[in-house]
Ligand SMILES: O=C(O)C1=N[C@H](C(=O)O)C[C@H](O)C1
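Only one chain is given next, in structure tokens, and it is the form predicted on its own.
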Amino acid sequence: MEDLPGIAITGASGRMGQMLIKTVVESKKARLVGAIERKGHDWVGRDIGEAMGGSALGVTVTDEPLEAFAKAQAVIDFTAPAATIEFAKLAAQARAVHVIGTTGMTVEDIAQLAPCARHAVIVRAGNMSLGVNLLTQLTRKVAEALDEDFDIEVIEAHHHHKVDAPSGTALMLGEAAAEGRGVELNDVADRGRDGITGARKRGDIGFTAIRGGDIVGEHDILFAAAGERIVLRHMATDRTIFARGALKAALWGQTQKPGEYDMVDVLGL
């Protein structure tokens, strides 16, 4: 086991954090070496396995990320933008692969990762699943093939706990559609409609966000023209697909040079 890559998980108490921990522990290709929580959290100082309601795993939850990162070959991070930026700096110091599944990051946030990528591998994606990344490629190709007679709408649905909208995956799909059209998403995105908005602007890429219940994640890309519609769809029913993808990225990053990558690179699409 000692020769397997060591993985540290940030946001250990969160739903994705716990799912990532279970995925790493059950994997035969990696080992859990760190579990990080914010200062003052009541899990700090406890064995992560016991804190999750199971057997001890021999890893104590810490609020000192650099200490944990120094023991790890990779860090998997599904937290919040401000925390992720700080974790990126520390992962770079530790020369650990930093896998980022955090959503809601702005262009300015993402720009702050570039200096860190000069020293360590960063794999960042709005979605870690194989299916969604295939969908992204398909979206780009369909958008490239169709002209502006086809309106493009990205429709996404998630559980009622999700705090950002549109989802990171929806924005990733919107970016793919914009690239296919040869335009900048910021120039054509329509992210809110309320009241008397007027007719839809030709060439816009619209976004609709649905929040409810325990929906893991559903994404439709609608291409609609007079007389016909094309719908590309991905439905996630189990959050483990994201955890497995993140672990795959962490292991893939072990053989890469410092730089910024995404899941398309990891999957070789």
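The model shown is predicted, which means the values in this text are computed figures rather than measured ones. Throughout, we count residues from 1 along the sequence that is shown.
Below, we refer to the form predicted in complex with this ligand, which is not included among the displayed structures.
In the model of the complex, this ligand sits within 4.5 Å of a heavy atom belonging to Gly168. Put simply, Asn127 is close to this ligand in the model of the complex: some heavy atom of it is within 4.5 Å. Residue contact with this ligand in the model of the complex: Thr103 places a heavy atom within 4.5 Å of it. Put simply, Gly217 is close to this ligand in the model of the complex: some heavy atom of it is within 4.5 Å.
Just one of Arg191, Arg140, Lys89, Lys162 comes within 4.5 Å of this ligand in the model of the complex, counting any heavy atom, and that one is Lys162. Residues placing heavy atoms within 4.5 Å of this ligand in the model of the complex fall in a single listed stretch, namely 153-161, out of 181-189, 107-115, 153-161, 140-148.
Residues of 65-86 are not found to place any heavy atom within 4.5 Å of this ligand in the model of the complex.
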